[in-house]
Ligand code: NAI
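To begin, one chain is listed below as structure tokens, in the form predicted alone.
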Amino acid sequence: MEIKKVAVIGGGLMGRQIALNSAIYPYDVNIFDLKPEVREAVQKWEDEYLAGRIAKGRMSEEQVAGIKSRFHIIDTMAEAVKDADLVIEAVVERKDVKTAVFQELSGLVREDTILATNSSYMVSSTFKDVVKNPSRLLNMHYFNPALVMKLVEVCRGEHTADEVVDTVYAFAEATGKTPVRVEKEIDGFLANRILSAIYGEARKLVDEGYCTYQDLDKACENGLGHPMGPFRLNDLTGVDLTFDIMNRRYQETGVKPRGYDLYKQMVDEGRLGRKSGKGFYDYEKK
């Protein structure tokens, strides 16, 4: 299998960066989002980001022109995925939304088109029953910010064909990433499972009054060499995403994860992290 044309469904923070990264390396990429205002935001972001690369001497005007010629913002899903060899889903982390997307995709693409979900915690078998030929379905989990972070977790399900895993692994390498194979499905995959252990202990230490979350972050950053402490990192990835995961586990087990009430309050107040200007830290003042 060979990847020549890529489609990304979802123009949010992750989707637009995954698409642009693919165009840089250089693949022909279509990106689609259902909301016109998001498509407009993607266009503005692309222009500003690439102009910044030129201004900083990171890219030439010729390089940027080539990238722009390969990066296409499309108004319909059908047109975006036409003739695509790989479709990467990067929509909101809601099972019903993702299920609807994969159901629609299954009727639009070739039966050998690889379908990948960028979900950070929903394994691909969640959607295998709505996809024709689920052997071409798997997880391709990028990390935020996708233009910078090297890791991509390629997670296979029991339904996923070996050739599909190999092809996606090779595509990740070809786009400047460092992929790892997750040989069977597990909630949270690899890196996030390690992070979840850190998050759990961090919340315990703060909840029980041993320190503030600011000092906990300082300890991880200055003592363990982490680029960001767990609470600062949570602001980057999204407080709402963390709460969605907590809420799903609460509904499945009936047990509230540590920090559940705090995260619910933050979401209710719109304190979602960097994207809203406030989270554990206040970014509007900077």
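The first residue of the shown sequence is 1; numbering continues from there. Model, not experiment: these values are computed from the prediction.
Another form exists, predicted together with the named molecule; not displayed. Remarks below refer to it.
This chain appears without its partner; in the predicted complex, the one residue of A78, V92, L151, L190 with a heavy atom within 4.5 Å of the named molecule is V92. Taking the partner from elsewhere, K56 is found to have every heavy atom lying beyond 4.5 Å of the named molecule in the predicted complex. Mapping the unseen interface onto this chain, V97 counts among the residues with a heavy atom inside 4.5 Å of the named molecule in the predicted complex. Taking non-hydrogen atoms only, A23 never approaches the named molecule to within 4.5 angstroms in the predicted complex.
Taking the partner from the other structure, the named molecule in the predicted complex has no heavy atom within 4.5 Å of any heavy atom of F71. This chain is displayed without the named molecule, yet in the predicted complex the stretch 28 to 36 from 28 to 36, 222 to 230, 46 to 54, 254 to 262 comes within 4.5 Å of it by heavy atoms. Here the marked residues T113, N133 and A172 all miss the named molecule in the predicted complex; none has a heavy atom within 4.5 angstroms. Shown here without the named molecule, the chain has I9, G10, G11, G12, L13, M14, G15, F32, D33, L34, K35 in 1 to 36 lying with a heavy atom within 4.5 Å of that partner in the predicted complex.
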